[in-house]
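Okay, so here's just one chain, in C-alpha cells, the form predicted on its own.
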C-alpha cells in the first residue's frame, strides 16, 4: 500500500480499547496501515478477579512502537473501561493532540474470572465486557460527527443458543456470553438512534481467536473436560470442533480486516449489523 490516495483511513483518528495486545493491537496496526492516527487505551494490569494475566505497560509500549513504525501518530493511555472517567480523560488527551475522532473500536474484553464468589465472578465479567463498552460509547459519542463509525467486539459465544445458561461454562463464561449477547441487541438499538446523525454502529463477532483470551487454563479445561489439567496441545485437538471449517481458531488480523472495512467509508451505509468472522461456527449451532 503506497500513497495516501490508497489509504482508506487517511486523515482520520481511531480510538481503540484493549489496544495493548491481541485483537486491540492488531486493529491499531491495521488502521494505522490504512492511514489513521490512533488513540489507544488499556488497563495494563491484572485485576484480582482474573485467572490469567492481562496486558502490561510493555505491551502497550509495543503497540505504540508498531503504530509509529508505520508513520502514524498515537496517543496511548492506561485506563480501565469500568471507570468512565478514565475513558473521558483518554478521549480528551487524544483530541488535544490529534484534533478529531472518527472511529471508535470498543474492543476490551475478558473471560476466565477467578473471583472469590460466583456472584462476583459474574459481576466482574459484565462490568468489563458490557459496561465497559457502554462507557466507551458514552465517552466518545459527544465528539463524533456524520460519517463516524463505532465498532463493537462481540463474540459467537453470545450468539449461540443455550450457551449463556449452560452451567458448565461457569460464572465468568456466563458473564462473557451474556454480555456479548446483550451487545448484539444494543448494536441494533443504538444504531437506529444514531442513523439520523449518519453515525454507524456495527458489531464484529469472532469465533475462537488466537489471543490470550483463548489461550489460558480455564479455556483449556472448558474444551477438554475429560482431562484434569489439559495443556495447550490438548486443547488444540478440541478447538476445531467449534468451527465448520477445520481450523482451531482465526487470527486477530482476520478480525482487523473486517474492522478496517467497517471503519472506512466503503461501509458508509452499513449500520446495526452483527457480522461474524467465525469460520462457519454458527452454521454448526450450539
Ligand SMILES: NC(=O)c1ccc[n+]([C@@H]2O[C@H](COP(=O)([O-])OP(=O)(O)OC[C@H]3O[C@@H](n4cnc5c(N)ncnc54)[C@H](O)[C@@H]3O)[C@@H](O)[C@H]2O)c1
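The structure displayed is predicted, hence computed values, not measured ones. Numbering follows the first chain given and starts at 1.
In what follows, reference is made to the form predicted in complex with the named molecule, a form of this protein that is not presented.
Colleague: Please determine whether residue 102 contacts the named molecule in the predicted complex, using a 4.5 Å cut-off between heavy atoms.
Modeller: Residue 102: no contact with the named molecule in the predicted complex.
Colleague: If we define contact as a non-hydrogen atom of the residue within 4.5 angstroms of the partner, is residue 54 a contact of the named molecule in the predicted complex?
Modeller: Yes, residue 54 is a contact residue.
Colleague: Can residue 201 be called a contact residue for the named molecule in the predicted complex at 4.5 Å between heavy atoms?
Modeller: Although the named molecule is absent here, residue 201 would stay clear of it in the predicted complex, with no heavy atoms inside 4.5 Å.
Colleague: Does at least one non-hydrogen atom of residue 173 fall within 4.5 angstroms of the named molecule in the predicted complex?
Modeller: Because no heavy atom of residue 173 falls inside 4.5 Å of the named molecule in the predicted complex, the answer is no.
Colleague: Which pick from 179, 149, 140, 107 sits with a heavy atom within 4.5 Å of the named molecule in the predicted complex?
Modeller: Contact residue from the list: 107.
Colleague: Counting any non-hydrogen atom inside 4.5 Å, which residue from 213, 191, 121, 144 sits next to the named molecule in the predicted complex?
Modeller: In short, 213.
Colleague: Is it the case that 13, 66 and 264 all touch the named molecule in the predicted complex, with a non-hydrogen atom of each within 4.5 angstroms?
Modeller: Zero of three within 4.5 Å in the predicted complex.
Colleague: Among 256-264, 229-237, 66-74, 35-43, which stretch sits within 4.5 Å of the named molecule in the predicted complex, heavy atoms only?
Modeller: Stretch with heavy atoms near the partner: 35-43.
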